[in-house]
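Just the one chain here, the form predicted alone, laid out as structure tokens.
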Amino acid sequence: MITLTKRQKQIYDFIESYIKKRGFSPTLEEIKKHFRLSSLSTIHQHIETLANKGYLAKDDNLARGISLKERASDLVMIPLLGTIAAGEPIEAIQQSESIAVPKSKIPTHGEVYALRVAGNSMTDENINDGDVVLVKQQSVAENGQKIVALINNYEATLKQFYQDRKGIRLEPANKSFKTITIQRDQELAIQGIVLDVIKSGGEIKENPTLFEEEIKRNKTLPINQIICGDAISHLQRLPDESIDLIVADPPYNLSKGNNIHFSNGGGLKGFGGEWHKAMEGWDNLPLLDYFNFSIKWLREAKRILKPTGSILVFGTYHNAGIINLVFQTLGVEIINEIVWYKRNAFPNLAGRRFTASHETLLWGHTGIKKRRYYFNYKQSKEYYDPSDLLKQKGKQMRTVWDIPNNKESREIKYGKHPTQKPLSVCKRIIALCSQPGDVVLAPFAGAGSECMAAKESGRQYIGIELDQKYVDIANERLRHADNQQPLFKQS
């Protein structure tokens, strides 16, 4: 039996439940409505995949032509913790995804997790780049077992374990790779043993065709596409020095405290109507975990930036200090700290502190000595928009930007993200820090504002977003984008 991704299992479970209750299957429109998606094409693709995997049968001539073939209740969800190197060790990473696997593959005792394989050092054991391995968590292994090993509490690798009087060896299953010998001054921690392999044809990989064919075979970037998946995993697959501008809106790590909601039925001026405090699981990590997360994605961001490129990272006091420290740790020179002032900031209902009315943007580059990053000084000086009460035409643009947090109706017409940035902010960044035709990367794309701003500004884009729901919203927005919009309003 072939495994299912988390979203595929959710759709199967909904169809199974619907048929049990009503005696007939739901339509594609009803499935779309249940999952609050804006596009039928996404649902159609999932149904096709479930049919190809043998879980569903469908009759395209009937509105309710879906029927069940296999029981997804025979599957169990396990965490997909990230990527493991079947090659040279890579930094250990953990993510928050999950996949569904047959119960028959899971032992009755012990914890089991999955890892996606990167590299080809284990091909003679039928473990190839892109496959997923099921791992039983344990700290000991016998000679010959395939293990997940952590070296010096930092680098992770997948190899065969051998130990004798001379010491410990981690053997590849490919003659093109060298044995790793654990030296006396090195620490080795066994994280688990491999139970089984899920071949990449089982579609566990996120967009395998996109990255395998476009990057590895054609040596080109996945231009003008939104990739559904984990940011760090996909950043690692992009070539060195391939991106002109990164506009990153990472989790701020601020989803702590109580849920707060405010509904302004009367349309109180300046408050922007109904709003709520975003409380999201992806935005709530222990401090050390958030610091490590920031190190991982920013290290990859630095690697893929061109010497002429730069990066801007959104933040607040919750995370801006950490991003600043990571910039300096990685050798990313800070060009400016920009304050985005929002006149229509959310109200402070508790009355126990000043009303937060700004966010920050850290702008950095990697070529510290030569400083070849692009900046359109002339356009920044000439810029004028009556909505910005601080900027005067012909005067230098300062590091405080007066940009209301309002969004045009078309920006939220197809759905929205809880931390969605307005196009006006994204377009200003892209216009001043990149040139027409440049590649703009949004590693936390959300509802796609950065990508939409890039498209409407004559740039190319790449977006990465973990949640398929927001990928669908972003793609729908991009389909209705207005090409070559004027960057700035002129007097």
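The first residue of the sequence shown is number 1, and the count goes up from there. Just so we're on the same page, rigid core means the largest C-alpha set that superposes within 1.5 Å between forms. Please read all numbers here as calculations on a predicted model, not as lab measurements.
Omitted from view is the form predicted in complex with a small molecule, to which the following refers.
S.K.: Quick one: from N405, Q420, Q191, T83, grab the residue that has a heavy atom within 4.5 Å of the small molecule in the predicted complex.
M.R.: Partner contact (heavy atom, 4.5 Å) among the options: Q420.
S.K.: Here the chain is shown alone; which of I464, V440, C433, A453 has a heavy atom within 4.5 Å of the small molecule in the predicted complex?
M.R.: Exactly one residue meets the criterion: I464.
S.K.: So in the predicted complex, is the small molecule close enough to P26 to count as touching (4.5 Å, heavy atoms)?
M.R.: Output for P26 is no: heavy atoms all beyond 4.5 Å of the small molecule.
S.K.: Classify D230 as contacting or not contacting the small molecule in the predicted complex by the rule of any non-hydrogen atom within 4.5 angstroms, answering yes or no.
M.R.: Within the cut-off, so yes.
S.K.: If we define contact as a non-hydrogen atom of the residue within 4.5 angstroms of the partner, is S449 a contact of the small molecule in the predicted complex?
M.R.: S449: contacts the small molecule in the predicted complex.
S.K.: Is Y55 near the small molecule? Define near as a heavy atom within 4.5 Å, in the predicted complex.
M.R.: So Y55 does not count as contacting the small molecule.
S.K.: Which single stretch, out of 304-312, 412-420, 133-141, 99-107, brings residue heavy atoms within 4.5 Å of the small molecule in the predicted complex?
M.R.: One stretch meets the cut-off, namely 412-420.
S.K.: Given a superposition on the rigid core, I'd like a yes or no on whether N120 shifts its C-alpha by 2 Å or more between the shown form and the other one.
M.R.: After core superposition, the displacement of the N120 C-alpha between the shown form and the other one reaches the 2 Å mark, so yes.
S.K.: For D129, is the C-alpha shift between the shown form and the other one 2 Å or more after core superposition?
M.R.: Yes, the C-alpha position differs by at least 2 Å between the shown form and the other one.
S.K.: G130 and I227: their C-alpha distance differs by 3 angstroms or more in the predicted complex. Do they come closer or move farther apart compared with the shown form?
M.R.: So the answer is farther.
S.K.: Relative to the form shown here, do the C-alpha atoms of D129 and L466 sit closer together or farther apart in the predicted complex, given a change of 3 Å or more?
M.R.: So the answer is closer.
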